[in-house]
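Only one chain is included here, represented as structure tokens and corresponding to the form predicted on its own.
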Amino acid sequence: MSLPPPTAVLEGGRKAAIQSRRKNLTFDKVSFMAVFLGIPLAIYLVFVIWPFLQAFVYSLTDWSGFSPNYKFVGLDNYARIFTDDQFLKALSNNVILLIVVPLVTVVLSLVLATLVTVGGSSKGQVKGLRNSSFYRVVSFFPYTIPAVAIGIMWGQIYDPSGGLLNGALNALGLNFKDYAWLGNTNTAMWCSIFVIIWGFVGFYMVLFIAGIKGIPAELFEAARIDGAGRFRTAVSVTIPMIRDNIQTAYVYLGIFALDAFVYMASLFPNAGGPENSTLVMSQQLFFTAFQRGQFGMATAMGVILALATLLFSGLVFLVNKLTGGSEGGRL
């Protein structure tokens, strides 16, 4: 008896698979996909993708923001932006924030999280420092304060005439009378960075604590038996096991550093700091749109800011993958 050719067998198998899929597409499955996949996708397209496409179109126009009339100017807005000294200054300030804020915040949060979870006695059960719950609450407290309130509060602390900081330094015998921390180009940006980090460290410390709590205690005990110190344990056990948490924190902090509008506007309500030393792109976008009435150019700045955010997030994920991030949870 002759056997059917291989092509006929493959074709028959393909048809059977298609028919089986069609039979499996019941009303329940179709309705489930429509509700839990179709509706969220439609909402995402309408409220995320479509506004971004609209913004890109407006960035190619000379729209004033308050008139239905505008004309297309092509890439002129983008060309003008990258020859604008103020925008380039704002871009450089955002780069400084992007380098310093995520790195320092993640390192400090990781150190604090390690101390309150596994930084206790090197003998007996693996545990954190004594009264670690108290340190956790105190560290998280700044994150519960609105960013605007934090900016106003630290603006008062930095006040040159009656601020708490100058008063404390003068009480210690240091001559900082009437020193304008936020009015000096050498200190304004670094004082702002300190405020931002102060406001975020507690939250990311709690994020890392949750990740460290999920690491089996046997791994820390094995590292201790092998003679690993606290630093070696953190590098070889803690960081690899919570690598995804660190990546998430870095991405969110980087996105914030590329914005930073609320903190900068609260600390410097009138302008972008002394000689624009703290001006960021989101502030320049706001001034261009609502003070100059150049919404087309402001929208182009927004597009650049969005692309910079996507580029940064992509780089973080790429670096994490190239350095073995996909194997972070397996030792």
Partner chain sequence: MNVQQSFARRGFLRGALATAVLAPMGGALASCASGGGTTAGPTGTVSDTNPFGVPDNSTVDAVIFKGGYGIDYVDFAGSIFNKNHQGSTAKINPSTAISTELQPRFAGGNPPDLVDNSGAQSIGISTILDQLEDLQPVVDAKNLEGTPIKDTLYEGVLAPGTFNGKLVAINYVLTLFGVWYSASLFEANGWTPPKTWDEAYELGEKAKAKGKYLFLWGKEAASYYLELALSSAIKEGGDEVRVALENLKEDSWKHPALTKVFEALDKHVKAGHFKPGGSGTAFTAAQAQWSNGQEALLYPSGSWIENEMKDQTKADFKMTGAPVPTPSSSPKMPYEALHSGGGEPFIVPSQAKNKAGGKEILRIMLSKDAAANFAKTKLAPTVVKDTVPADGFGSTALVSQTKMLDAAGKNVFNWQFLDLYGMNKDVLVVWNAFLDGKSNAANLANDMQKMSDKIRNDSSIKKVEIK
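Quick caveat, the model's predicted, so the values are computed rather than measured. Positions refer to the first chain, counted from 1.
Below, we turn to the form predicted together with the partner chain, even though it does not appear here.
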item: Candidate site A79, F82 and T323: all three near the partner chain in the predicted complex by heavy atom within 4.5 Å; value: no
item: Stretch in contact in the predicted complex with the partner chain, which is absent here, among 233 to 241, 94 to 102, 215 to 223, 172 to 180 (heavy atoms within 4.5 Å); value: 172 to 180
item: Contact test in the predicted complex: Q284 vs the partner chain, heavy atoms, 4.5 Å; value: yes
item: Contact flag, Q291 vs the partner chain in the predicted complex, heavy atom cut 4.5 Å; value: yes
item: Contact test in the predicted complex: Q247 vs the partner chain, heavy atoms, 4.5 Å; value: no
item: Distance check, S161 to the partner chain in the predicted complex, heavy atom within 4.5 Å; value: yes
item: Residues from 184 to 203 in contact with the partner chain (non-hydrogen atom within 4.5 Å) in the predicted complex; value: N184
